[in-house]
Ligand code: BES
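The chain below stands alone and is given as structure tokens, in the form predicted alone.
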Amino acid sequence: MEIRIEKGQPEKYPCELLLLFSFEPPTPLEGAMERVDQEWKGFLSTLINQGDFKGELYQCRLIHTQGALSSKRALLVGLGKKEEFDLEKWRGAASKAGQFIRDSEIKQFACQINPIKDFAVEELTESFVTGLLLGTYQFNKLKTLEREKIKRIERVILLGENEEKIAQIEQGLKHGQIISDAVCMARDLANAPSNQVTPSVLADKAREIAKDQRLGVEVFDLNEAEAMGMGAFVAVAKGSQEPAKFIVLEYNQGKGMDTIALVGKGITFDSGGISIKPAEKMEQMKADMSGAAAVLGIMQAASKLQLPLHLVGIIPATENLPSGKAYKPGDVLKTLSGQTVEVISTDAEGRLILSDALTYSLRYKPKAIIDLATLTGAVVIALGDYVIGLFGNDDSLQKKIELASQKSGEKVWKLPLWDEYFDYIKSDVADFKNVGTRAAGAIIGAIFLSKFVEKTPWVHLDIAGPAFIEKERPYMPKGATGIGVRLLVQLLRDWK
């Protein structure tokens, strides 16, 4: 989709479709809607007064202008009650508008973005572009039949009345595209089958990002990881014939900036290992590397946005499969930290590979460590499919995440990490067990990880619920969502 900016007035701009937004009555018409209504001799006001368009949130009404305007059609989209408006509803409205236009097989449309409430044109443009691009995302590159029936919007024109407005729109467009591209890349990686996105492919993607954005990159193979002492990562990886990769991306190294480590779980397929999963929905375990995909997306976006931070992205990437070389329940593993872990379930492999990755991140002496992982089914039981489980050892860092959540619309909910929970993973033969009882499963996974960050401020984001969804939401089609990218990019943009 090409998005460009042109100088023009919506009521006079010739196009296939003019996109207009309106609140529910009694809020009067504003901005482009008001100007078009005046040009159309009160037609839109009459439509609203007669109840043919109510302005309800996400309501869409297509109108043929019959030559009354320079545009052939107008699409009216509702924003709901003005007092309830926020950027999340705006992103959703942009998404619903884009889906309606695409499904109507209209290839081109124009829109003018006006200030709304206390929101400036730049941030409204960024959120509009984000909602539009993420809402019209499709993963169809593997389909070969009837490709001519795939519907797409080809061109969007954002209208600016003067040079000042155009400059604001340009900034918002640039940022919206950078962030949306990163989310879509993460979605593509997690949607793709595991025979096409292997640990080696993740490593290649990291190298590609590093080359494009001039980042530092290192990729360690299994022998190198074993020589370094990554006993937990190596144990999980040995069950698969697909070569494991331990990936490190670095942005702004050696520039004296605050260092933040981002760690992403990179299990490119999770069968559960010897503790094998049920067959039902096992195919969705191709998305067990959603944390890794998010880290790649964040690193790409942060470098394109030129954020003044030293970022280290760390991805332990492997499959988790049963074989004659696979690790077993009852095995004791020595981690990179020197601590030992008794394996109770080989299906709790994510925390094992993350334990070595978290320990490795300490080499960079970060101001903060943030990990993203589809770690537990238990967090879905606790919070459902819409919310990220938030855990951590530092209140200030958690509050920053919560603020970024409010701005980005990616919801988080804080869960406790009290010392009493550690009793669940005490082992008779090692320092810890890798699982406890069924009780407090998401918390126990986080408690386990907390033992590998020492005293560094750290947050664990359990994204198992929203990482891969079966029911679409306004700008999240079914499948992989790229969750975590926008949340943490917002955190990094606001970092102080």
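In this text the structure is predicted, and so the values were computed from the model without any measurement. We number the residues from 1 along the sequence you see.
There is also a form predicted in complex with the named molecule; it is not shown, and the following applies to it.
M285 is the sole member of M285, L79, V201, A404 with a non-hydrogen atom within 4.5 Å of the named molecule in the predicted bound form. Interface residue among I48, V435, L69, L57, judged by heavy atoms within 4.5 Å of the named molecule in the predicted bound form: V435. The chain is drawn here without the named molecule; in the predicted bound form, the stretch among 160-168, 405-413, 118-126, 348-356 whose residues come within 4.5 Å of it by any heavy atom is 348-356. Although the partner is absent from this view, K107 stays clear of the named molecule in the predicted bound form, with no non-hydrogen atom inside 4.5 angstroms. Interface membership of I153, defined by any non-hydrogen atom within 4.5 Å of the named molecule in the predicted bound form, is ruled out.
At least one heavy atom of K277 is located within 4.5 Å of the named molecule in the predicted bound form.
Contact annotation: V197 falls outside 4.5 Å of the named molecule in the predicted bound form, judged by heavy atom distances. Along 85-105, a non-hydrogen atom within 4.5 Å of the named molecule in the predicted bound form is carried by no residue at all.
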